[in-house]
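Just one chain is shown here, as structure tokens, and it is the form predicted alone.
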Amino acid sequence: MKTLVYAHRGASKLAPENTMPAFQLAYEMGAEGIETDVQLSKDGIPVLIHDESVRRTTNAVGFVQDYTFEQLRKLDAGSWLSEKYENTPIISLEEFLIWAQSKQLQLNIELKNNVIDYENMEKKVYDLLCKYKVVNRTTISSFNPVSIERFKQIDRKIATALLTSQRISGLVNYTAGLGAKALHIKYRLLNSKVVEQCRDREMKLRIYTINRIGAMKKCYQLQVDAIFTDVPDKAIEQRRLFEQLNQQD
């Protein structure tokens, strides 16, 4: 089984996270999937940014939910990483889906609603996925189990994933009980037992955030379904080397 490589917020080690340059670079590197984060603007537009605040990744301060989309798109979301990316804008989920629609990419949309439980976020995101006909290749993930249950009420067939960094007793059974089809866990929780439990449940297992070679090798060895990485080029190269070694054996 081939472990897929998802670019975590795009190729976010080399370009500003969750921006078009990061997504385009990841695509050019050969990533099979793109992971991105969604918050809602003041006027209810799904926008791609990881933090609830704009402080870390833009030239402004305050909460995403206190800015309209037009105000957000005028912020500089690139200079914090490099002068090369000065004035790179925050984009909407719709703009991202327009770009991704014609590309052979798996999509992972993380709903950032575990701190601020945005009203009607699930329906807004779902409607856009339907509009651009990408439902069948999209996984919806969240740290908020209630959000996963809400999404299943909208469409019980759509792939959803529970995100966690916590050691939870009976985690795989708990995730299945939510109706989720995948489990996304922090690397330190990865072991052969959880891999086996997910396989028994026919549940996808994806691991975040894998940037070190040793961690990549372990994920490939255990044949997890996918990894999320800030360095998709490095992950793809390590996977190629791993496959070569296995063929020789």
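Bear in mind that the values here come from a model prediction, so they are computed numbers and not experimental data. Position 1 is the first residue in the sequence shown; the rest follow in order.
Omitted from view is the form predicted in complex with ligand G3P, to which the following refers.
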Quick check: do E32, W99 and R137 each get a heavy atom within 4.5 Å of ligand G3P in the model of the complex?
no
Contact with ligand G3P in the model of the complex, heavy atom within 4.5 Å, among Y85, F143, Y132, Y126 goes to F143
What is the one choice in Y208, F69, Y220, Y27 with a heavy atom within 4.5 Å of ligand G3P in the model of the complex?
Y208
Is there a heavy atom of F23 no more than 4.5 Å from a heavy atom of ligand G3P in the model of the complex?
no
Residue contact check: E110 to ligand G3P in the model of the complex, 4.5 Å heavy atom:
yes
K204: heavy atom within 4.5 Å of ligand G3P in the model of the complex?
no
Proximity of K181 to ligand G3P in the model of the complex, heavy atoms at 4.5 Å:
no
Given the stretches 102-110, 76-84, 168-176, 115-123, which is the single one in contact with ligand G3P in the model of the complex, using a heavy atom cutoff of 4.5 Å?
102-110
In sequence order, the residues of 1-38 that place a heavy atom within 4.5 Å of ligand G3P in the model of the complex are H8, R9, E35, D37
